[in-house]
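Quick setup: one chain, the form predicted on its own, written in structure tokens, and binding and motion questions come after.
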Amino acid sequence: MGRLNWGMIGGGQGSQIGPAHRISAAVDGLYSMVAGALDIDAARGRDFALSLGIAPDRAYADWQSMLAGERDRADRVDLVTVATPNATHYQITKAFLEAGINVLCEKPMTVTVAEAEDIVAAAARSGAVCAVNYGYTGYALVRHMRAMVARGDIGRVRLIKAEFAHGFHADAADLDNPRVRWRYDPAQAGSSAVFADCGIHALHMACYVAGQQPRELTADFVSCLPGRALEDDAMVSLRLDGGTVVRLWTSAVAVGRMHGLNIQVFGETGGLRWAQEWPNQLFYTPLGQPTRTLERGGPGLSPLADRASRVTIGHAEGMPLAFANIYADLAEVITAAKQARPPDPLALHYPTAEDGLRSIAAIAAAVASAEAGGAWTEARPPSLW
């Protein structure tokens, strides 16, 4: 079978996330970018689509035109990536799912729990795949952490410390910068800013590695810069359904921190430590023994890690390759469905609509907890109690 047809909504010229998706989708030669509605400015979006080699009749003015144009084509898109502002994710994602078109939606999947529940239901009705781009779980050593925990290498996981803290929104001069401002505008971002933008990456990673889901949480939100309607720093403690405790800090005003996505996992018989800015090393400390450095691409890793490792040992692994693992997973699942065969089980590690729903429920719970002075709050979505 040839390449899958891929399209993109949003992520146009100047987008922060668009180039990463285009690089990631192209890495393995599994997709051809054949359609796009890339910008809210129709002319600018069309010009950029043409510059990427998209045919004129598939360089769409908006997502509605793209849906109408692609729905009944024999060669329609197999997967659409939604990379638009948060408040638009629900309407676009649901419309394409209802047309039977597979979707990879940027996080957060929606801005309300009710919308997220509806997306899960729409995917189930249509049979289309709905994935959410918690792309950092595509890193090889993050997947190896999950394998180590699952096979009991560190015993029962007691505690996880997760961080996603950067300082790029700390400058008061950027309060009116449109690339920053929308993230703190409830009309565009929803009820949460930095927790919904960054914190849920750390939360999803913790849940993915532990193999558990949030049950309840307590949160403290602050807006360090006057005039922001939403938080730019948050501290959240969670209890997962398997008994693990998560301590999570996320911030956009941590001057001196760069990307700042780090995770430490503490079990009964060992601990693990990994940082996204140094993704080639996983530090493993068995109880009572010296710390060992596990190298991405090295010997003795799990099949899950080996499948996700793209370049030879010692070479830098980057975010687009982690995202590429999500695209490769989706390509395998979509192709398997076309061929009426089971997918490779190792491809079933992409973040699903249900993962997106659980994250939205955690955001809603954190907002409610913060407003209630840190009260412990139920974090499970109603359909998954």
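Position 1 is the first residue in the sequence shown; the rest follow in order. Since we're looking at a predicted model, the values are computed, not measured.
As for the form predicted in complex with a small molecule, it is not shown, yet the points below apply to it.
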Which listed residue (133, 212, 262, 218) meets the criterion of a heavy atom within 4.5 Å of the small molecule in the predicted complex? 133
Go through 146, 107, 166, 296 and name the one with a heavy atom inside 4.5 Å of the small molecule in the predicted complex. 107
Which of 246 to 254, 77 to 85, 115 to 123, 229 to 237 lies within 4.5 Å of the small molecule in the predicted complex, heavy atoms considered? The stretch 77 to 85
Counting heavy atoms only and using a 4.5 Å cut-off, do 197, 201 and 323 all touch the small molecule in the predicted complex? yes
So in the predicted complex, does any heavy atom of residue 377 sit within 4.5 Å of the small molecule? no
So, in the predicted complex, is residue 360 in contact with the small molecule at a 4.5 angstroms heavy atom limit? no
May I ask you to check whether residue 55 falls inside a 4.5 Å heavy atom distance of the small molecule in the predicted complex? no
Please check if residue 38 has a heavy atom lying within 4.5 Å of any heavy atom of the small molecule in the predicted complex. yes
